[in-house]
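The chain below stands alone and is given as structure tokens, in the form predicted alone.
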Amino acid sequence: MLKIEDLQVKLGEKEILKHIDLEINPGETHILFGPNGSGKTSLLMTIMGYPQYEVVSGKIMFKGEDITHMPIDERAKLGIGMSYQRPPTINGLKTRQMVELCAGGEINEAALARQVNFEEFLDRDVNAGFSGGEIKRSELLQLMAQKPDLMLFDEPESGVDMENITLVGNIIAELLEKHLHPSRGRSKMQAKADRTKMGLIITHTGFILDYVSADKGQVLYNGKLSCVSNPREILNCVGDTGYEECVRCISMNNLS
């Protein structure tokens, strides 16, 4: 459903993404690791369609359509949604109104907000005076209303305290159809064949892996996707040796 081929992107005069190839199939969640400044957020913003990220070559396909030069609003209507690490404050727009806009019509905002413990914030301006954890819950509430097929998460653990990380993690798992649900007295995850939602999650800490079962992990290093491996293995490798050695080690293993 998402296929990126030989994507090269510039921001201003600087080339920030180089020959990116990425494919995410229905029901899959991919984890994206990488040091600061490696292009992780730029990749998400390019997929979302922000015009300052200039696609020099390559293409982005989604649901069989070429969306490489499609505007943001059309990508959102097609089923792409994003949770931002640092979304802007929007004075004059109530969170309740934003949720209605994301839903594309009438919706029970209170019932939805109750799931993320956010009812008391519905009549406040979007992100105005919100803490890090409150911003994350606001972003999740908007995604819950939008119900996109592809969800992009930019460091969902960032700025979230221990009290909220479980809530945030569980909601993301539910959005991606990877939450546990009771079945004959046991907790069971929805079968992959029955899942349609896709996710691409940027993480530095790996905390999200405690809540979301990921299918693949990848490292974006110096603007290039350098390896594909088990997310936990990548996380352990980065923790032990750093990104540069991790990229070299996993790339060599993939060639052998």
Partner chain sequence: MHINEQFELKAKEAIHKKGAIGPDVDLSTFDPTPSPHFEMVDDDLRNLPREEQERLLMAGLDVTEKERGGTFLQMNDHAVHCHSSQEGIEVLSIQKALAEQPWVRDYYWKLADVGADKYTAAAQLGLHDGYVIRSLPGSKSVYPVQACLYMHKDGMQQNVHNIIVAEEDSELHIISGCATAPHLKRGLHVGISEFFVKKNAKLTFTMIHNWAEEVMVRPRSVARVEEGGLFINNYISMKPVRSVQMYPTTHLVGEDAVARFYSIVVGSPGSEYDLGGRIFLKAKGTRAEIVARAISNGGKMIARGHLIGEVPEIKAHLECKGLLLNGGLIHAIPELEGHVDGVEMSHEAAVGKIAQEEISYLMSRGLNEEEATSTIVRGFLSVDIPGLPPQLQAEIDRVIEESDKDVM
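Numbering follows the first chain given and starts at 1. Small disclaimer: the values here were computed from a predicted structure and weren't measured.
What follows is about the form predicted together with the partner chain, which we do not show.
Of the candidate stretches 111-119, 169-177, 141-149, 155-163, only 141-149 has residues whose heavy atoms lie within 4.5 Å of the partner chain in the predicted bound form. Not one of I24, M61 and H69 comes within 4.5 Å of the partner chain in the predicted bound form, counting any heavy atom. In the predicted bound form, the partner chain lies within 4.5 Å of some heavy atom of N127.
In the predicted bound form, P87 approaches the partner chain with a heavy atom inside 4.5 Å. Among residues of the shown chain, S131 is not one whose heavy atoms approach the partner chain to within 4.5 Å in the predicted bound form.
Among residues of the shown chain, V228 is not one whose heavy atoms approach the partner chain to within 4.5 Å in the predicted bound form.
Residues are counted as partner-facing when one of their heavy atoms sits within 4.5 Å of the partner chain in the predicted bound form; in 81-112 these are M82, Y84, R86, P87, P88, T89, I90, N91, G92, L93, K94, M98, L101, C102, in sequence order.
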